[in-house]
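The chain below stands alone and is given in structure tokens; this is the form predicted on its own.
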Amino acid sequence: MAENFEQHSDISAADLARLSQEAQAEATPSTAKIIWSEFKADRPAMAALFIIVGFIVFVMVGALFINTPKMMETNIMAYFNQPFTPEFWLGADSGGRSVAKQLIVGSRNSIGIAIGLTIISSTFGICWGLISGYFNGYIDWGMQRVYDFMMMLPMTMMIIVLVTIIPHYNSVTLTFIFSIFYWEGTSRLIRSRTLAEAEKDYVAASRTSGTSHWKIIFREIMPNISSLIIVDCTLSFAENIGVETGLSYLGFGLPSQTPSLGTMISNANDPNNITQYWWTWLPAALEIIILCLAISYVGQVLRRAADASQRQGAAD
């Protein structure tokens, strides 16, 4: 009878432990819930998120219904047509081309380049920084010498030279050219944080237990610096919009017959356009300002959510 009582006690203890774990798992909010709660607590960031998502979806879908070659044809009868008319919502430029349609297609091109550049350069820079900071020693020394060499190159001049010598290029080609040079900042930032993380106890314990280096790098260290990665990628996206815009403004970005935010802002080079024909450049300038501010708001919320998720994981 005593044995039956002990067995019944053991089963009850196991059930209680299981129920306790299930209750704790239910009480612990998921990462998605943490992010959503952070957005609900920050109304400006919520509005910024809707602005970014809504605008990107609008320009990506809207550009599919616009015939770009036909849109770029010259129409002298619509020379600097005034805005807010049924045919020209935002007016027309010096070639009689619709500013509204150019803004949609140009936004699609500029945002597409920024997204592609952010994905490629951030992915390469994060991997480079993680590997360099984790292994340290001669591997870190060699990788940092490559970094120093890339930093010595005049980046803007090199991009202009590459764009000049390539006979036919498009948005994809331009994105890859940018990606050659725009990974250095991310790699240096990730490396500095990885150097500190590699000295912590959980990394030493994983090494002692025989965990492979790649699992430690990508399954343990990288999640612990996710807040830094999120903020860097978000700010890089906002910066990369300006990269294409700046070079197109100087005439070394996308070809002249390919609309972009930079080519539209370049209309401000003419003093008459600044004062008399403001609609040829002002909408693109306002769009860049609003997008960059909205992306900054969203990035700060994602950083707070990542920090909260990491603190929750440490507490568990």
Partner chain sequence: MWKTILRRFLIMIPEVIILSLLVFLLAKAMPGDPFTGSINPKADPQQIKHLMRMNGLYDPWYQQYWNWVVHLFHGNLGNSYQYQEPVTRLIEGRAGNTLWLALFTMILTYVFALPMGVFAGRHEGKLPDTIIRVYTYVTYCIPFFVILVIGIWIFGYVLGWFPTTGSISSDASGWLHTVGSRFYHILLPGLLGALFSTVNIVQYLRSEVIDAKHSDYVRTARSKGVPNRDIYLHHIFRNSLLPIAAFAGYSITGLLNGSIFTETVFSYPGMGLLFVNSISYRDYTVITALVLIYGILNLLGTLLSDIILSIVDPRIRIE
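Numbering follows the first chain given and starts at 1. In this text, all values refer to a predicted model and were calculated from it rather than measured experimentally.
Quick note: we don't show the form predicted in complex with its partner chain, though the next part is all about it.
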property	result
Options 212-220, 170-178, 242-250, 126-134; stretch whose heavy atom lies within 4.5 Å of its partner chain in the model of the complex	242-250
Non-hydrogen atom within 4.5 Å of its partner chain in the model of the complex for each of F149, M152 and Q300	yes
One residue of S192, T74, T85, T156 in contact with its partner chain, assessed in the model of the complex (non-hydrogen atom, 4.5 angstroms)	T156
Selected contact from I35, V59, A268, I66, since only one has a non-hydrogen atom within 4.5 angstroms of its partner chain in the model of the complex	A268
Non-hydrogen atom contact A204 with its partner chain in the model of the complex at 4.5 angstroms	no
Its partner chain contact at C233 in the model of the complex, heavy atom, 4.5 Å	no
Partner contact for V161 in the model of the complex: its partner chain, 4.5 angstroms, heavy atom	yes
Any non-hydrogen atom of I52 within 4.5 angstroms of its partner chain in the model of the complex	no
